[in-house]
Structure formats: structure tokens, C-alpha cells
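Two forms, one protein chain; C-alpha cells for each follow separately as structure 1 and structure 2.
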Structure 1
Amino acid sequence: MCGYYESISGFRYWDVKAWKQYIQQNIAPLYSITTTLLEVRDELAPYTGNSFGVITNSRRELLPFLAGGIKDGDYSKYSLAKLTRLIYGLYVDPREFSSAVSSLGEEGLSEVVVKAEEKESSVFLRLISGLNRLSGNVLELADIGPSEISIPSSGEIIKQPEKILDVLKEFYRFSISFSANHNYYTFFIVSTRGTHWKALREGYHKLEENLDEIKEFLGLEEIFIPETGKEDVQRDYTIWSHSRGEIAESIYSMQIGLWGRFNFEVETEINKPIEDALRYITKNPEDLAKGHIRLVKDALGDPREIHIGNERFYPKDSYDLKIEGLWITDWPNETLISSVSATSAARDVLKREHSKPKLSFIEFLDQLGPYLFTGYGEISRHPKHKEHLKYYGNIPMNAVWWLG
């Protein structure tokens, strides 16, 4: 049986060997690249809190990473010191540095202290640390060795600091290529996250016949089976997702990390260091979060609201779903409730949200299926009410907040 997704060249989601190849080609390089980047950081980090003079005496080759391109109390346009700060959050205050050396020369460096940005500001470092941990986990589970990608080693980078740009380019290339925006395998992982069986069956025609093998390899599992006597209905409306710590979940978390960090349109400047660092190698870094939303919009139209029976449901919000049999008996909009909490309207909204008419679980999933399939939304077990489900919407855009 051949459908649209089966006709895509090179996309053999039903084949474990193809999955291994995908991991080898896309995830192993990310592991190697992030490992190299972290090794460079390990060389610099121990000097945090110490006098800069210590580095000049013992590790002079590290000097450009912290002071390269500092002029008159500020960074030059392509300053290495600024790049170190953007990627690793390690820095010396440019003003302190310039002031110390302008009066005392090299001797003044003992007055300058190496600092580390707060965790929140080190978004790039947290991204590469996270990708490294998750990709390492995938390689281990798939029993695949590290990639033999040709990138400079950390030692070479320390000796020739400009080589860090080569590593940065590869990091960017593989991050983008790996993403569900451009990669059908990663898209498959996103599709299988919190989606009901019927949507998966309709989308991936060869999944059913290869389910056991794929389920085993990727770590897919049923997280909710509705209570009904009808076997076919029960199977179609069972929610599937990823088993904790398994390959699919690790790949999905990598994707969330990239959507969250390659999002340059958020209101805050949370991802500014990443954008600024990527501008060292490319003029317009790709906004993955925005790109995926566009993909969904092109396929399904603007996901503003959908009608389930007489009720309106907003796919971009998050809902608490209380399921009884084939009914959703309570479905408060948690996004709305949290947005009005601590206001005078909170009680009314809460009351109203808890007194909406019940919805048919079947109709709900059929309507929402396309959004779940594209990764725009996800159904999971509710983190607080274990017996409830939770719908999360607008995932690519919300990822930035989940990462903090």
C-alpha cells in the first residue's frame, strides 16, 4: 500500500536499517561537533573567578579566546572574545580589560577576573550541552559509533582559534539538516509524539505492518487507550507517544531544543546570543520555529480555531482533558486560565472553563489529528492530574519558554 509518505524518495520509515543510517548521517555528526565545542569550553572554564594574569602566565594560547578583539573597552565586529562569550558565556569585562592594560600593560591583567554568565544567559552552551547529551544517548541506544566527520579537534582550535568558525558552520549545517523542517525521519518522530493511531495509520501506510520492529527500535508506546467495548474504535483512538529515555524521545527533545533556540522572533532577547553567534558564519540564520509553523499553515491553514460540535477549540493553547469513556467531560483551557490567574476575572474564567459541554473524544481527535501529525500539537499524560490527558499546542513556538 503506497501513500504520499511512502512515495518520498529515501524516506523508508518502516525500515530499521534506514533509521540507523539516518542516525549515522544526522545525529552522530551533531554529537561529534558538540563534543568538540564542549572540549574547548573545558579548557577555558576552570579559569572562571580567577585573575586573568593566571592565564597569561600558564596558558597564553587561551588569551585570544577571552580578549581577542577587545578594543577600547568594547568588542570589535568579529571579535573572538565576543564569540567565546556568546557561545560559552565566559568573558572578561571589556571595560575592565582595556582599563587595566591601558595603564599597566600586561601586568594589569592580574586585576582582571574571568567571569561566567548566569545559566540563563548561556543559552548557546545549554543548547550544545543538551544536544550532546541527547545525541550521545541515541548513538548508545542504536549502538552506533561516533561520526568520523572532518572537523578540527579542540586542540587544533586552541592552537588556531579561527578554526572555531569551521566547527560552528558544521554545527549550524547539521542542526538545520536534522530538523523536522527539512528531514522526513525527524518529521516522523515529531508525528508519532502524542498522536492517535488513526492519524498515524492514515499518514504512514506501512507503519502497521512494521509496527513491532519500529516500535521496538525507536521506543514508541501507547500512552492512553480509551475505555470502550469496540475494539476497532479503541485501537484507532489510542494515543501513541515516545517511551522515556528511548531513541524517539531523545530525538524529539533535540528537536524541541532546536525549535526553542533557533527562534529569533520571540519577544524577549532570550536567543539573541545564538543569533549573534550564528551571524559570524551566515547573514540570516534560519528561524526553525517560525519555519515549522509556516509549514503547518501552508498545509492546514491558520490554526486559529477549530469547531468540535458547537464548541470552539484553539489548537495553539494547552488544555487539560478529562476523559470518561469516549467523552471528554472536562476540558479547561489552561493557557487561558494561567493568563488570567491573579486577576479579578480568574474565578469566572475558571468556572466557565470547567462548565463547558462535554466533547466527543472521537470527534476531537479526528479534528485535531492533522495538527498532532505535523507536530504542531501533542497529547500527553497530564503532569499534575495523572488520570487526565493534556493537549499542548503551538509547540515549535512554545519550545523557547519550556527551555527557559
Structure 2
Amino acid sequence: MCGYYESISGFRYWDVKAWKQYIQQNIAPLYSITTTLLEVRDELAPYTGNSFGVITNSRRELLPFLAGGIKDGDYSKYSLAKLTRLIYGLYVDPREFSSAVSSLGEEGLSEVVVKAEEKESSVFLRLISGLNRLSGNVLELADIGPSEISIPSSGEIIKQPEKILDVLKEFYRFSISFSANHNYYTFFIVSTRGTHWKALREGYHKLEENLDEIKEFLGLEEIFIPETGKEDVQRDYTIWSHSRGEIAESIYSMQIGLWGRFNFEVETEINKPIEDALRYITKNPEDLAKGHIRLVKDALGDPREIHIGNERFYPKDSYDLKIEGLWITDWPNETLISSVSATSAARDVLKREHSKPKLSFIEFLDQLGPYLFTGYGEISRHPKHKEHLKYYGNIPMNAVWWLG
């Protein structure tokens, strides 16, 4: 049987060989690129807390990374020193540097100290470190070696600092092409995260043909099986997701990281260092979080609310779902509750007010299915209660809080 996804040329989600090719072409390059970027940092990081004069005396080739483009107490527009600070959080204070040089010449550099941003501010470094760790795990599990992508080595970059822009260009290019916004294989990983079997079966018609092999290779698992004597209903409304530490979970976490950090909304100023760094190589860096939300809206309309019986659910919010058989017996809106500035007693009252008569678990999944399949929402195990599930909504826009 052929559906939409089966008709897409080159998208063979049921074929393990195709998955290995996807990993080789999309994930191995990200591992090699982030490894190179981190190796450059490893050359600079040991000098943190030391006098800039130490570098002057022992590693003059590193000077451009920390002082290149500093003039009159500030960074020039495309200063290499500013880029180093944006990517790695390593820097010398431009005003201190300019003041020391103007008053004492090179001898004044002994008064300038190499500094490091706080971890919370080093968002680009946290992103590439996370992508490196996760992509490395995927390659190891898939038994695939690093990519032979043609990029300058860290040694070449140290000798010719401008070559770091070549690596940054490739980082941006492969980050975009890997993303579920543009890559059907990554989208498959997103759509199998906390989604019930019926939605997966209807979307991916050939999934059952080779399910066991795909399940084992990617690390797919059934995380919740509803209690019912009807086998077909039980199978259709079983929740599938990703096994901890396996290929699918690592790829999904990479996507979460890119949604979270390639999110350049005004209210997410935390990501400005990433946006500013990418502007060295592209005028308008693509906002992957907004882009995926736009795709969801194009497919499903604006996800405002759905109706189950006389009750309303909001796909953008998060819910604590207590499940008994095929019924949801308790479903407080945690997004609403957490947004209320009130005493714990007032919150308890709000929880009771939003815990209403039981609802059909089947109808809930049928209504939420499109949002789960597109990666806008996810159902997961509850961290504390075995008989509860968690529904998380608006994932691409909320992902900024999920990584590093």
C-alpha cells in the first residue's frame, strides 16, 4: 500500500540500509564539524584566567582569536575576537585591552586577563557540545565512522583563523538540512516520539512490513499499553516512543537542541549569540523553531483548541493525564496552573477545578494524533506516577528550555 510518505523519492523509512545512509550523510558531518570547532576551543581554553601576555610569549598564533578586530575599546563589525566570544565564550575585555595597549604598548598585555563567559551565556558552545555528544552516540550505535567532509582541520584554522568561517558555514548548512523542517528521516524520528500506533500506521503505511528490524535499529519502544480486552483497540492506542540512549532518542535530542537554539524570537534573547555568530556567514539565519510551527499550521491550521465531549484541550499546553483503562479520569492543565501566581492552596483549588469528569482516551488520542505525528506535541511517561501520562505541547517553541 502506497501513501504520501511512500511516494517520496529516496525516503525509505522501512529500510535499515536507508537509515544508515541518512546517518552517514546527515549526522556524521555534524559530528566532524562540531569536533573541529571544539578542538579549536581546546587550543584556547587552557589560557582562561591567565595573562594575555602568556599567549603573546608562547602561542602568538592564538592572538587573532582573542584580539582580532578590537579597536578603540570595542569590536569591529565582523571581528574574529567577537566571533570567538560568541562561539566559545572566551574573550579579553575590549576596553581593558585597548587601554593597556594604548598606554603601555605590548607590555600592557600582561595586565589583560583571558576570561570565560558563564555557562548560561555560552549557548553556542553548549549547542555544539551537545550535538557532538549526541551525534557521536548515533555513529557508535550505528557502527558508522566519522565523515570525511572537506573542512579545514583545527590545525589549519589556528594557522589561518579566517578558515573558521568555512567550518561555521558547513555547521549551518548541515544543521538546516538535518532538521525535521527539511529532512523526512528526521521528521520520522520526531513523529515517532510519544505517538500512538494508529497515527503512525495511518501515516507510514509500510512501517509494519519491517517493524522489528526498524524498532531494534532505531530503538523504538512501546511506553504505554492501555488496559482493555480488545486487542485491536489496545494495539492502535498503544503509545510508542524512543528507548533511552538509543539512536532515535539521540537524533530527537539533536532536533530539540536545534529547535531550541535556532529560535530567534525577541523573547528568546538567550539565543542572540548564536544568531549573531551565524550572521558572519548568512544575512538571515533560519529560525527552525518558527519554521516548524509554520509547517504545522499549514498542515493543521492554527492549533488553538480541540473539543472532546464538552471539554476543551489546548494543544499548546501541557497536561497531567491520569489513565484508567480507556478513560482519562483526571487531566489538570499544568501550563495554566504553573502560570498562576498564587499560594499552593490556591493552586490546589485550581487543580480541582480543572479536573473534570472522565474523558475517552481513544477520542483524546484521535483528536491529538495530528499534533503528535507532526512533532508539535508528545506523550511521555509520567516521571512519578505509573498510571499517569504527560502531554507536552508546542514543543518546537518550548525546546529552548530543554537543552543545555
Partner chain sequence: MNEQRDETKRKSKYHRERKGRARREERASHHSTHATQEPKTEKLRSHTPKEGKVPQEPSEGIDHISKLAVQVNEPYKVTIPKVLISTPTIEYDLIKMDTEYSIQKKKQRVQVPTIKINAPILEFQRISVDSNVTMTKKARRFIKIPRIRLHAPVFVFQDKTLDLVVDISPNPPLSDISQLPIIQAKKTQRVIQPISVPKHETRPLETTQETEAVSLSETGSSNWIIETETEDFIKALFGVSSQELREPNAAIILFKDVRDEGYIHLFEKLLLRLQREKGKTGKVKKLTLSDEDWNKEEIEKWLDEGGIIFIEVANREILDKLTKRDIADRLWAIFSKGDGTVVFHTKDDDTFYAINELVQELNWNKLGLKPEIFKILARELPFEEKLRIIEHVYGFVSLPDLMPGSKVSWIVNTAEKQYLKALKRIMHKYEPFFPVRASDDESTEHVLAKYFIIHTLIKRLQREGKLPSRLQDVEWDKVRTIIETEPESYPRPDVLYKPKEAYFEFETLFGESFRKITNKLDEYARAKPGAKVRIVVEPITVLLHLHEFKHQIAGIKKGKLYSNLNVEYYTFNLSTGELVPLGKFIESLSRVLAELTEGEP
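All of these numbers come straight from a predicted model, not from anything done at the bench. Under this definition, the rigid core comprises the largest set of C-alpha atoms superposing within 1.5 Å between the forms. Residues are numbered by position in structure 1's sequence, first residue being 1.
Of the two forms I pasted, which one is the form predicted alone: 1 or 2? It is the second structure that is the form predicted alone.
Is_shifted K17 between the two structures (CA, 2 Å cut-off, rigid core): Stays below the 2 Å threshold, so no.
Core-aligned Cα shift of K384 between the two structures, given in Å: With the rigid core fitted, the alpha carbon of K384 is displaced 3.2 Å between the two structures.
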